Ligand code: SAT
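The chain that follows stands alone, in the form predicted on its own, written as structure tokens.
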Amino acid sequence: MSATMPTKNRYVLNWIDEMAKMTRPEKILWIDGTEKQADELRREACSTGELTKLNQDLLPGCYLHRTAINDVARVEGRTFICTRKKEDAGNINNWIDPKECYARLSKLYDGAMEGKTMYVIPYSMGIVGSDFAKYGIELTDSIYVVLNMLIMTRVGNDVLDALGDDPGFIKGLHAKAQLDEENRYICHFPEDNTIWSVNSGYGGNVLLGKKCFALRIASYLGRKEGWMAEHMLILGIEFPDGEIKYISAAFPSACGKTNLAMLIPPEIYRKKGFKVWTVGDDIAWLRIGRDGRLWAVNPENGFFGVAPGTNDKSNPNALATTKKNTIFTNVVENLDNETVWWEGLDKNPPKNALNWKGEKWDATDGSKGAHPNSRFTAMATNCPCLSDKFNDPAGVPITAIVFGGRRARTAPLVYQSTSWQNGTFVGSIMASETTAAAAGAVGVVRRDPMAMRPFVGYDMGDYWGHWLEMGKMIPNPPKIFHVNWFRTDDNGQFIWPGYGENMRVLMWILARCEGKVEAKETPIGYVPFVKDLELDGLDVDEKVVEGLLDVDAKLWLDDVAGIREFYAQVGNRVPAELYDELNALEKRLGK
């Protein structure tokens, strides 16, 4: 490499040389983060059909992309943690020996970029130069990846300047290769700061700054360095006097994480002057601040959201975010006005349209037009409720951590843990029940601790151990809660109205954190007295809310058996403290 490169970091240059020798691209292009270069790449992608330019009057700066039909989602079965010792990856993760994995994938990468351009993307997770920031370089042969990374991360030469001569960057290599699903691999080498992804073009597998770096690699780094990388939204609630309290919350998929992050307050709060601000909808990095509190940043720069179901009622802020400078993936193309559509957007599917596969599509035949996992990649700065702390390098102080799951009967609407250790236990037993929307039996409990089951870059028991250690290190820790918006009646209908009304529960959580309200002690933790929940203007009877807060000892004892099974699956690194919590819970339930 010549001296005209935007960096003289020999670790970076030697690594790129090595990867280029293996993949053999026709040329190498450094991505500088400028709009001029990005525009040239958009034009090129449109000329090859990789992108379709949408109506620039109605959707300025917006484009449509279609993935290969066999490449539409994250593939957990093809995602690996490659540590030298198998036990360090843990029983929950897929594992391959690193030497074997490098050898196997090197054959798939061999000549994979022949005739193509290798794009070099220097990017930062977090504000460049901040205490939170971590730097990566992704090599890819996909313009789609480049343009998405420009939205989702902070890209440019200032990243290389901040990195300087440091060898400590995350090395990411991606090649579409043959898009062969039998040879699709998303592999993480946490001990080597390396991610290799091959034979996929779908965002969750190839935008290596997202789940791969910001959760799997970062969770490993966080344990080593004394901080936390979590699958959490961050929101701020502004009180009428201008004070803002911040909450981070972890939910498994299909539990309304983005909707909560962009919550619109109910009228009773809006009239009083309350506001809600979005800091992040998916990932939080948390560190102990100089004041002894836990501070969080969203290390991303954009949103990679699920399109179906996003509409003016469910999430008007998310919908507004997609109106400009957005890349849509696998949605319906409306040929009459060159815009996009998806199920749940409105009740007016286009008459002249192509479905997500690019085929002529007519909604009256009963088929889905958009893929259920179709996406929008949108800049955070488009979001009407974006917090003014979004670009603050210090992040925001967290008052409460909230865990949640989808439980029809077991978990009450909200409960508070009794301590950080007990809160870690509450996070470790998080679960959701399958719905009719998923294949297989309805009501099956899936354990998803801290909503991190697919994303922990090392053994799950060690991860819980790190939570417990952090609790000992934080002088003023957040209080930990659990919520469940999904209790159902005898007809299977949701009892709690959800959406913006969830703010009523968040307000009780903040009141508890400030010691403003008492709570009722139960075997699982503290639940509200109904009188302390704001129910004015809500079409739910007080007696019904009482039922939503009920703790059924028999159901919980059944759950204890399931928790023991899950802990056994995680293995012998489950901390003794969590077994202590489990045994104490069982005793309190009256076994």
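Quick caveat: nothing in here was measured; it's all calculated off a predicted structure. Counting begins at 1, following the sequence as shown.
Quick note: we don't show the form predicted in complex with the ligand, though the next part is all about it.
| Just to confirm, Lys211 within 4.5 Å of the ligand in the model of the complex by heavy atoms? | Close contact exists here: in the model of the complex, Lys211 approaches the ligand to within 4.5 Å, heavy atoms only.
| query | Looking at the partner-bound form in the model of the complex, is Gly427 within 4.5 Å of the ligand by any heavy atom? | reply | No, Gly427 sits far enough from the ligand in the model of the complex that none of its heavy atoms falls within 4.5 Å.
| Counting only non-hydrogen atoms and a 4.5 angstroms cut-off, does Phe403 reach the ligand in the model of the complex? | Because no heavy atom of Phe403 falls inside 4.5 Å of the ligand in the model of the complex, the answer is no.
| request: Indicate whether the ligand has at least one heavy atom within 4.5 Å of a heavy atom of Asn183 in the model of the complex. | output: Outside the cut-off, so no.
| message | Using a 4.5 Å heavy atom cut-off, which residue among Trp295, Phe304, Phe169, Phe390 comes into contact with the ligand in the model of the complex? | response | Spelling it out, the residue with a heavy atom inside the cut-off is Phe304.
| Which residue among Asn91, Ser253, Thr381, Asn337 has a heavy atom within 4.5 angstroms of the ligand in the model of the complex? | The option sitting close enough to the partner is Ser253.
| task | Mind telling me which stretch in 264 to 272, 504 to 512, 133 to 141, 202 to 210 gets its heavy atoms within 4.5 Å of the ligand in the model of the complex? | result | After filtering at 4.5 Å, what remains is 202 to 210.
| For the stretch 42 to 74, which residues lie within 4.5 Å of the ligand in the model of the complex by non-hydrogen atom distance? | Stretch hits: a single one, Arg74.
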